[in-house]
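Encoded as structure tokens, the following chain is the form predicted alone, with no partner shown.
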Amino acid sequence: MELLSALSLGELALSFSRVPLFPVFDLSYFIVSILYLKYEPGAVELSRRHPMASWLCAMLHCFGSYILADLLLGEPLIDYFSNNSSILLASAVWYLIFFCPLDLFYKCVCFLPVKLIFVAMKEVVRVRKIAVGIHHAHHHYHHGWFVMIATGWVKGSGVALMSNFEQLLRGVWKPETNEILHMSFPTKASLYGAILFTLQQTRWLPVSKATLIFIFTMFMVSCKVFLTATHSHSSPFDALEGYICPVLFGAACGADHHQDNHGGSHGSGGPGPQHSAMPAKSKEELSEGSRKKKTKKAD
């Protein structure tokens, strides 16, 4: 109790917001981002056949949010690649995850307790990027609320929003996997976080930036660690959206997405009878046609 009284939330949040991200937190961000790349079908084969394409995909996973934010603000897209330390660190992580002998590095970082630590540290970087992106956009557009929200959003989830372009580098084209159509939890949370930080930046939210960073980081870390530990793809926002979306839009948001996932995960269940019914009907029609032909021949 004495410790809690001596250290207020404001002082704790201020100290937390001043923690440097490089190299420890950035390293965790690179590890988790490139892990997700390796989980993609065909990513390992691509790294063996086309290492340069695999490296470019890894760089997009690590720095796609910076590139997309620079595109929105009209700044040089290659500007962030002048940060030699970050590029070399991300490249080293890419090489170790894909080419380490016996996959030792990959097995170590995939060990669930270790992976949860990296996931938590990645969310720290995500929230800090959202806050920095909105501050940067506010410097250019003082009253551009939508510009600030868009910049903070792509700063937090730019990699997911660029997923179709990253897939093209791997020779894959899946427009149905558009992140705008099927938003994941980090994408939704980045959007909501961008709105909160924009309200704080424009003085509509009476809370300090350090406190908001601390509170939103704790929320993101708790949710993402829980979802990763339980191997869940659900979202904490689903229950709230289930009540709000029918009122505002007349239907539940993401209904098509849930139906698509249900159909994909139960390929032998839901759509199976429909596909089996169609051939059965065609067989009956063919048998009727053959009978008519036979009767004509008999006549």
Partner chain sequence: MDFPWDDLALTFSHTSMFPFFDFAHYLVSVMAVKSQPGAVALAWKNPISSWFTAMLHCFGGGILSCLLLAEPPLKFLANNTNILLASSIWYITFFCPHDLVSQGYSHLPVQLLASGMKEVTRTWKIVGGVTHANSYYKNGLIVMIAIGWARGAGGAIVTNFERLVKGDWKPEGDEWLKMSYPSKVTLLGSIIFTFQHTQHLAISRHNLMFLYTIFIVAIKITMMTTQTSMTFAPFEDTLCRILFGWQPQFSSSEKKSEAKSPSSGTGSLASKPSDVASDNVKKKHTKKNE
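Note that this is a predicted model, so its numbers are computed, not measured. Residue numbers count along the first chain shown, from 1.
If you look for the form predicted in complex with the partner chain, you will not find it shown, but the lines that follow are about it.
A.B. asks: Report the stretch among 193 to 201, 179 to 187, 140 to 148, 91 to 99 that approaches the partner chain in the predicted bound form to within 4.5 Å, counting heavy atoms only.
C.D. replies: Result for this chain: 91 to 99.
A.B. asks: Taking R48, P51 and R170 as a possible spot, do all three reach the partner chain in the predicted bound form with a heavy atom inside 4.5 Å?
C.D. replies: Per the other structure, all of R48, P51 and R170 touch the partner chain.
A.B. asks: Do L60 and the partner chain come within 4.5 Å of each other in the predicted bound form, heavy atoms counted?
C.D. replies: Contact check for L60: no, nothing within 4.5 Å of the partner chain in the predicted bound form.
A.B. asks: Should F81 be counted as a contact of the partner chain in the predicted bound form, where contact means heavy atoms within 4.5 Å?
C.D. replies: Contact with the partner chain, yes.
A.B. asks: If we define contact as a non-hydrogen atom of the residue within 4.5 angstroms of the partner, is L112 a contact of the partner chain in the predicted bound form?
C.D. replies: Residue-level check for L112: no, no contact with the partner chain.
A.B. asks: Considering non-hydrogen atoms and a 4.5 Å limit, does the partner chain approach P206 in the predicted bound form?
C.D. replies: No - in the predicted bound form, heavy atoms of P206 and the partner chain never come within 4.5 Å of each other.
A.B. asks: Pick from L72, C108, I87, A229: which residue has any heavy atom within 4.5 angstroms of the partner chain in the predicted bound form?
C.D. replies: Of the listed residues, the single hit is I87.
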